[in-house]
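Coming up are structure 1 and structure 2: the same protein chain in two forms, each one given alone as structure tokens.
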Structure 1
């Protein structure tokens, strides 16, 4: 959708992408077509309270209209808190949160993902933690804990295992992050 269309509130439906619905269904949003746009999910959604333009109900509506670019151009889907209020209240068992996730999966396949997510994925692969603070050792020591938690960061064999798992997932096929051995680990706060 162009900026002019957004500004005037006009949506050119002939530019909609009818393939988007199938893509969403394939990527985890199987119940998409059950939505009756009743807005119960919207009434419960923190994204509405915070003022984001595309929240659960509107994301579903936009997908049904095939407005791929409008959704990709907006950061709202990445602000979803994964809180699942919407999933809890939906009378049609649409799993609206799963549809937001599916839309993120579509976005990722077009490399339209926020830098923080890329960093989080890279940190997950390199250290086993999506959120990782390189300098946390001294903070841990201050409260009397070993500098590294009993996780992949203190266990090279476990990290190798995790990396072997990740290398077999869609993340590897998509090539979003480098998966070689030589990566240096930096702090990452997603």
Structure 2
């Protein structure tokens, strides 16, 4: 019996999920097996500096070991800021960002979402932004910016198109956030 030390304790490798690698590959992490654990992605990752247990390199390592439960029990995969630095520096074109996104898809399927993620998804559906600051319009105007950014917030047609796309995803099937296409309004004040 082999054990691996993880930030949360010792994990029995015989309990690993051998199907996790294939699942991640099917969900967008096609280059997963190209990773040589060189840690260039970790050197560029803001999550490392923030102290998250599972940053890009460790997410890949945990997937390769089949540590599904450890990844689902830890909110680190939701901390990725999508900066894509990891992808830019990867010498093997693994695209660690896409692997984290694939792991998020696994988590969504299994309802393993932290509360803040659900709020972010609701905001994404309502405004087109996962993080949208209500009341920022006057501050933006003070510095010479339009009160609404040039995005879905200022373009109701684009927002409706984004919402239509989201309603076609697995997220809609889960019913985590309300997605009533007849009653869509901008919920965040600007």
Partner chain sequence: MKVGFFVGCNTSFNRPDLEQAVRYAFPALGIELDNLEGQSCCPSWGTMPSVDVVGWCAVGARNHTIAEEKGLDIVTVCGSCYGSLAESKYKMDTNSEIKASVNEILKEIGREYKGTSKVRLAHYYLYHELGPERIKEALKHRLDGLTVALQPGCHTLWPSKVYYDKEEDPFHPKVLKEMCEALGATVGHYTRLIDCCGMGAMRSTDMEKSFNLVQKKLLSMKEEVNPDLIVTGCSSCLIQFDTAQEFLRNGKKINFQIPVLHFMQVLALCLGADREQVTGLAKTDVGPVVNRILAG
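Positions refer to the first chain, counted from 1. Think of the rigid core as the biggest set of C-alphas that the two forms share within 1.5 Å after superposition. Everything numeric here is computed off the predicted structure, so don't read it as measured data.
Between the two isolated copies of the chain, the second is the form predicted on its own.
When the structures are compared between structure 1 and structure 2, the hinge, where C-alphas stop matching one rigid part best and start matching the other, is found at 113 among 151, 113, 146, 65.
Rigid-body rotation of the smaller part against the larger part between structure 1 and structure 2 amounts to 19 degrees, from C-alpha fits. With both forms fitted on their core, the C-alpha atom of residue 121 sits 3.8 Å from where it sits in the other form; this compares the forms between structure 1 and structure 2.
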